[in-house]
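Okay, here we've got a single chain as structure tokens, the form predicted on its own, with questions on binding and movement later.
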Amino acid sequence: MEHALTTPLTDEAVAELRAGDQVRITGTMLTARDAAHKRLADLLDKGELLPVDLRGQIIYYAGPSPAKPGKPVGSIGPTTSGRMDAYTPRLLDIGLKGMVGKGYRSQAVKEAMVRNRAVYFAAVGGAAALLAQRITAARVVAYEDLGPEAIREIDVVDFPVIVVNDIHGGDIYEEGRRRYERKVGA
């Protein structure tokens, strides 16, 4: 099934999504990678406020390359999501609704997604220049000293993703593996 989503995400919008659905996102997303996630976790450990409000937000696990003149970002492909798994359940517990990256998620993250009604999307790796064309604006909102890994707010139009993990426990990677194993075993 195909969906058009507008951010911020709501429980109702996320509930309609199923693993394998194609989605086009319009609105704003945040970018953050490993170093930014570590800093967010450190603030939570200290009981301090985060520099961004994560409620209803989608974090894109990406750090853009330098922008060409007149462009908001350079290439901006997804990074491996598992590197953020140690931090993700806590962020989901405080309102994060979606993540975009590539690769598998841990069981703890999948359970936190179900518990918090959040979703994990995959963006196509290797298509970073094409994904950049869906970004109309970008601004650093935290941790400018991290360079490409700073937290940015990006404006996106029809940003293409696929639902990997949904709030119902669906996992397109596991479903695909089961289908393959049935085919090979037959």
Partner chain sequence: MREIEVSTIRDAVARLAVDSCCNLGADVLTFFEEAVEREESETGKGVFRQLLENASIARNEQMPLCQDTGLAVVFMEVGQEVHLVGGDLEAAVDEGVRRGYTGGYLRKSVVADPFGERKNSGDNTPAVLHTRIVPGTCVKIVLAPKGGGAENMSALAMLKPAQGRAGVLDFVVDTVAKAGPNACPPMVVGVGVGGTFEKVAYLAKKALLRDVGSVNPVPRLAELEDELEARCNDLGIGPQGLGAASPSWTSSWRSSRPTSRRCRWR
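Just so it is clear, the structure is predicted and the values come from calculations on it, not from any experiment. Positions refer to the first chain, counted from 1.
Below, we turn to the form predicted in complex with its partner chain, even though it does not appear here.
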Closest heavy atom of V157 to its partner chain in the predicted complex, within 4.5 Å or not? no
Consider Q22 of the chain shown here, and say whether it contacts its partner chain in the predicted complex, taking contact as heavy atoms within 4.5 Å. yes
Non-hydrogen atom contact P89 with its partner chain in the predicted complex at 4.5 angstroms: no
Test of understanding: in the predicted complex, would Q133 fall inside 4.5 Å of its partner chain by heavy atoms? yes
Counting only non-hydrogen atoms and a 4.5 Å threshold, tell me whether I59, G98 and V140 all contact its partner chain in the predicted complex. no
Is any part of 124-157 within 4.5 angstroms of its partner chain in the predicted complex by a non-hydrogen atom, and which residues would that be? V124, G125, G126, A127, A128, A129, L130, A132, Q133, R134, P148
